[in-house]
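Listed next as structure tokens is one chain, alone, in the form predicted alone.
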């Protein structure tokens, strides 16, 4: 393997990343939420890139982009490469997108060599991995794996727009989503490349890592309802201050989430009303995100958090409602796929470092359909979900080369 091979692969991957990064709904940043105009433009760009690479491609009923590079035996189960092109608000370039473009460059390389593997190679750019706009859970990946929840269609964004209506405006078709489900056995393996979103690989001087498992996630919305009042006239003991209750809860959530090395718990949103300097807060909306690689541990942690929140609310005379919006199971990687990645990394002269993913990925949903595996790529400072997100072209090249070799192994070539 020549150095210039890695450089060329990395350069092409980075060029594709830039082509997708220009699509945003907010000037001066990357914000590309599911079913937004920027998502549609990015999907069209990815479809064009797939077709240029030699794939038959289309945007499906749920808003994902699917491409297929046919194999020697069209009836054989395919190897699928995927990730997502939606983003968080004010995002970086590489989260999700790197995995999509890695698949694109894999197919470009096969087509450039005039090579057909024993089975087809598919590339999928999912549209709803971040689940930022609507209260869903990896909905576009679950559409393919056969577990799409039709109740998601009635969910609304902050502006009150229903997912079903946004999908229609996007050009999708809610009635056809059920037809996207693949049969088990039609995909022999699902592979996903992703930036690490953590500092381990950089700290150890490694460009690549092999994921061993993905942590399980619980997300919830918590609404607190106290009583607004004049900040200068209501005595402290007589207040029903929703924000004071929330502050106590936030501190205890942090403490509970910190008890173990393998758990985390985060209050990511705190919306206060009426939000005036001289008014006691009458209402607060919170979000909870709790994670662990052990589902039993995660469920026990969430139960404790809920018990603590209920007790604080009762003591302070504040009403509390709880809505669980996501339950995503811990997902071990399939040994055969993880081993294929490990062998491919070692073929590059690198150690196959195994590590846990604390972040959720489309691979969780795809594990219902096929054996799954993930490859992590070093990112600067471990920073993600941030405009400072950064990787090198060389590391992107290593990623693509390892992906090519893993695909080849799993395809039986």
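Think of the rigid core as the biggest set of C-alphas that the two forms share within 1.5 Å after superposition. All figures in this text were calculated on a predicted structure; none of them were measured in a lab. Positions refer to the first chain, counted from 1.
The following text describes the form predicted together with a further copy of the same chain, which does not appear among the structures shown.
Engineer: Applying a 4.5 Å heavy atom distance criterion, does residue 118 contact a further copy of the same chain in the predicted complex?
Structural biologist: No, residue 118 sits far enough from a further copy of the same chain in the predicted complex that none of its heavy atoms falls within 4.5 Å.
Engineer: Within 4.5 Å, heavy atoms only: does residue 287 come near a further copy of the same chain in the predicted complex?
Structural biologist: Residue 287 belongs to the contact set for a further copy of the same chain.
Engineer: Considering only heavy atoms, tell me if residue 146 and a further copy of the same chain come within 4.5 Å of each other in the predicted complex.
Structural biologist: Because no heavy atom of residue 146 falls inside 4.5 Å of a further copy of the same chain in the predicted complex, the answer is no.
Engineer: Although a further copy of the same chain is absent from this view, report whether residue 186 comes within 4.5 Å of it in the predicted complex, heavy atoms only.
Structural biologist: No, no contact at 4.5 Å.
Engineer: For a further copy of the same chain, considered in the predicted complex: do all three of 232, 244 and 358 come within 4.5 Å of it, counting heavy atoms only?
Structural biologist: Affirmative, all three are within 4.5 Å.
Engineer: Just one of 133, 239, 93, 182 has a heavy atom within 4.5 Å of a further copy of the same chain in the predicted complex. Which one?
Structural biologist: Residue within 4.5 Å of the partner: 239.
Engineer: Counting non-hydrogen atoms within 4.5 angstroms of a further copy of the same chain in the predicted complex, say which of 74, 268, 114, 150 makes the cut.
Structural biologist: Contact residue from the list: 268.
Engineer: Counting only non-hydrogen atoms, which stretch in 191 to 199, 155 to 163, 331 to 339, 104 to 112 is within 4.5 Å of a further copy of the same chain in the predicted complex?
Structural biologist: One stretch meets the cut-off, namely 191 to 199.
Engineer: Any residue of 269 to 299 with a heavy atom within 4.5 Å of a further copy of the same chain in the predicted complex counts; write them all down in order.
Structural biologist: 269, 270, 272, 275, 276, 277, 278, 279, 280, 287, 288, 289, 291 sit within 4.5 Å of the partner.
Engineer: Determine, after fitting the two forms on their core, whether residue 115 shows a C-alpha shift of 2 Å or more between the shown form and the other one.
Structural biologist: Moves: no, less than 2 Å.
Engineer: Quick check on residue 274: with the core superposed, does its CA move 2 angstroms or more between the shown form and the other one?
Structural biologist: After core superposition, the C-alpha of residue 274 moves 2 Å or more between the shown form and the other one.
Engineer: Based on a C-alpha change of 3 angstroms or more, tell me if residue 286 and residue 34 lie closer or farther in the predicted complex than in the shown form.
Structural biologist: Those two alpha carbons end up farther apart in the predicted complex.
Engineer: Once you compare with this form, do the C-alpha atoms of residue 242 and residue 132 lie closer or farther in the predicted complex, given a change of 3 Å or more?
Structural biologist: Here the pair is closer than in the predicted complex; there, farther apart.
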